[in-house]
Structure formats: structure tokens, C-alpha cells
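Shown here is one chain on its own, the form predicted alone, set out as C-alpha cells.
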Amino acid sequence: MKIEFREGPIEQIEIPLLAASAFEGAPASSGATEGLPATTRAMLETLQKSGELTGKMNECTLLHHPPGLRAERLLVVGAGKKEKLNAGAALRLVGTAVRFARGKSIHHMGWVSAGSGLEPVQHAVEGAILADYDPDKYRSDRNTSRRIDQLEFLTGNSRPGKAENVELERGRIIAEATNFTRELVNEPSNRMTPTLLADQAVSTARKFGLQSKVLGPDEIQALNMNAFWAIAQGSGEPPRLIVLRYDPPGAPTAPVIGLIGKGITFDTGGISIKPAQNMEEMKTDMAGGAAMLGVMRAIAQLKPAVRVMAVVPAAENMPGGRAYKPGDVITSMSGKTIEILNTDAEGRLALADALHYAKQQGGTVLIDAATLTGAVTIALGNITTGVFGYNKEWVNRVLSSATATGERMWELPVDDDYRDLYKSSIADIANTGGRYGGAITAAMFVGEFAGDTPWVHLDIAGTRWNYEEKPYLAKGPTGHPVRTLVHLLMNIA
């Protein structure tokens, strides 16, 4: 999609579709509609009085040959109540307009910028590119006409400055990195094995100037990564430990941010096998790892002055003759012993060794993202990511970045009283704490391997997938939490 600014009087622009936002309660004269000609607004007022145009969130009202404009069509997108406007509004509004236009096979459109900070350029660009994605690449009857080739941000007589152009480019980079993550998550497991995921990581590193290293089975075992290896040993697909580094010249020696992403490319549950219903969704169990690869792709282009390392333990969790079993005791890379009560609680084992490895490699702050528990979806649904951590400074930094980007996150408790739930009678800890507080005990298990290093855990089991088509986003992978983590890294200094 080509995205650019366009100056000039709105009423004189000839374009297939012109889109503008309008607030609920006064849609004919609020938001971007304020910049439309008087004759156009008069028609909107008529539609408002008849109840056809309300300005409610994501409402789309299409006018053909609108009076006062040379545009062939005018689309008014409802922005909801002005007092409820938040950071994600521009993303959703422009995204809604793009998906509406795609449905009409319109390839060229303009968005009337509201100005006054109501629609930040970066978020608007992100919304457009994220909305132009569909996860249907394997359909033989795929409708390739559903796309936007050109989007223009119409600024009227205001000339965009350097800051606006920087925002546009930043939004493009972040959105394309998010869509890259979505593509990885959407791949079926026969086309996204640990080896193929590692190949994607190495290719990305080569393209964008990152350092890369991939460890295979012999190296993983030589490092005594027995918790990670336990998961992999039941599968015919060999595991990979993927490591990407971003070390910009002149960056401070600290902090070194370790981004750890769960990369289980398919999770049957192992010997503690999952029910057949919905098991196909387990191709997405590598969404945390995919997100970290997307973050690295973005920062390699945006070039923040901070050192970052991504570690992705990639494996399949399969029930084979060599698979690990309930009752086994495993010695992790850190030396902690783990009693296996449930082989479907495997993600925390992969993260345990990956966190310890990231510390060994110089990580001074650890942030992990994982599709770790179904329990977090019981608590927060598919709308909000669970955030956990002992270091309040870094937890609050992540939450602040989530607020700034419009990605929804909520802190859940980590308290010593929960430790009793995952005690083991024969090892240091058990790999599950039972039904109650499952997201908390899983997070705290992972935190055991961070030790005193500042650590934040993001449980994205619910938010990694959009189960229903939204006006601004296709059904399927979301790319969450790429935008939050990129914002965090861009603002550490």
C-alpha cells in the first residue's frame, strides 16, 4: 500500500473515495467532518436528523456523489463519544474505512485528517496497513481485488512537516512488522516447523541487519537446557533455539533487554494430550516467539539507542515414544529441578531455560510473551493481555506503552502465597499449580528463572487471535503485543 500526504482544498480533490470521522452526537460538524464544505455538511445534518447518521463507533455511512465535493463517494466513519477517545481510536477509525473500501473493491482512497492531535499519523498509518491484511493466503479462490493500493492523508491547506513524515514512516514500519508476526502465527504447523521458523528469523536478520544465531539439538543438550529439550524429544521435528541481537553503535551498555518468546510451533499437549476439539488452534502456540521476531524487525529499522536480544525456544510438543511423561523429574539449565505433573504445561519449561540463557548472554531486563495459559482467558477474555512481574518499574513501563498504543493489558498479582500451589514433594518445584489461579502460578513458575533480574511476563493466550471479524481487523492473528514492545524500546532512553 502506498501511503502519502496530499495538500490542497478538500472540495477540489478528485478521488474514488473520501473518508472522514465524526463524533457521536454531532456527526455533521465534529471530528474531520468540520473540514468539509458547507453543502456537504448540510447533507450530513439532514442524515443526522433522520437517524441515518449517528456517529456511533465504527458506524459507516456511504454517500455517492456528495454535494460540494469532487470525490465520487464520501464515507463517514463514526468515532463514538469524543470523551471516550483513546490512543487506539485513529487505528480503529482508519482501519474501519480501509476494510469498508476493500469490501467495495475500491483501491484508492483519501482520509480527511482531523488535526488537533485527534488522529495521530502513526496510529492512522498502522490502522490502514493492519486493516489491509487477510489471513487467507491458502484459499484457491482468494479475492485479490480486495486491497487498497493507495491511501492519501488529506491535510487541506496545512503542509505536513518533518515530524508528520517521521510518524508516517514509523507507523509503516511497525504495522508491517506486526503483519509479519501475523503471517508467522497464521502458518499451519506443517509449514512452520521449528526449523522453518528459524529460517524466517535468519532471513529477517540478514535483511534488516541483525545478528543471528540458531542452536540445534546437540547444542541445546550441551547447554543442559533439559527443560526445553524435554518438550522437543517426543517429536520428529528437531528443536531450534533462535537468538537475534540488535547492538547499535554508541548505545549504553545497560540495560540489555532480553525478549523471550514461546515458540511451540504445535502443541498437542504431549502425553497429557489435549481434546481434539479446536486443537488446530495450537499452530498459534508460537505467537509469543513470532511477536519477538516482529519486534526485532521493527527496531532494526527504527534504530533506538538500546541493546536488545531476542531468544525464541522453538519446538513441537508431541506424544511419541521418547516423549517426556507425567511424573518425570527434569533438571533445568539453571539447576532447579522440576517435577512434571502435566506435559501440557510445557511453555513454562521452554521459557525457564530461555530466560536463564538470556541472563547468561547479558540480559539485564527480561520480558517474555507466551500463549501460556487458558486460565488468563477465563480472567480477561480475548480482549486483554495479563501482565505479571515483581519489578513494578518495568511492569509500569510496559503498561504505559500498552496505553500509548491502544493495546489492552492488565496487571495480575504475583504473591508469595501462590508459591505453595506449585510446590513439589520430590523436586524444587512442580510444573503446574492446579486449576485455581492458573495464570498466576504459571507466570510465577517462569519468574523463578528470572531470579533478581527485572522481569515482566505477558500472557497472550487470549489476545494472540481475533475470533470474530472486526470492522477494522480481520478474523485471525492479531500480532499482539508487537506495537507495545516497540513503543517500550523506542522510549527507554
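Computed from a prediction, not measured in an experiment: that's the story for all the values here. Sequential numbering from 1, following the sequence displayed.
The same protein also has a form predicted in complex with a small molecule, omitted here; what follows describes it.
Peer 1: I need the one stretch from 82-90, 336-344, 188-196, 209-217 whose residues put non-hydrogen atoms within 4.5 angstroms of the small molecule in the model of the complex.
Peer 2: Residues of 336-344 come within 4.5 Å of the partner.
Peer 1: My question is simply whether Glu316 lines the interface with the small molecule in the model of the complex - judged by any non-hydrogen atom within 4.5 Å.
Peer 2: Although the small molecule is absent here, Glu316 would stay clear of it in the model of the complex, with no heavy atoms inside 4.5 Å.
Peer 1: When the contact criterion is heavy atoms within 4.5 Å, does Arg170 count as touching the small molecule in the model of the complex?
Peer 2: No - in the model of the complex, heavy atoms of Arg170 and the small molecule never come within 4.5 Å of each other.
Peer 1: Is Thr432 near the small molecule? Define near as a heavy atom within 4.5 Å, in the model of the complex.
Peer 2: Contact check for Thr432: yes, within 4.5 Å of the small molecule in the model of the complex.
Peer 1: Should Thr371 be counted as a contact of the small molecule in the model of the complex, where contact means heavy atoms within 4.5 Å?
Peer 2: Contact check for Thr371: yes, within 4.5 Å of the small molecule in the model of the complex.
Peer 1: Between the options Arg408, Arg73, Arg147, Lys274, which residue brings a heavy atom to within 4.5 Å of the small molecule in the model of the complex?
Peer 2: Contact residue from the list: Lys274.
Peer 1: Out of Arg182, Lys262, His123, Arg99, which one falls within 4.5 Å of the small molecule in the model of the complex, going by heavy atoms?
Peer 2: Result of the distance check: Lys262.
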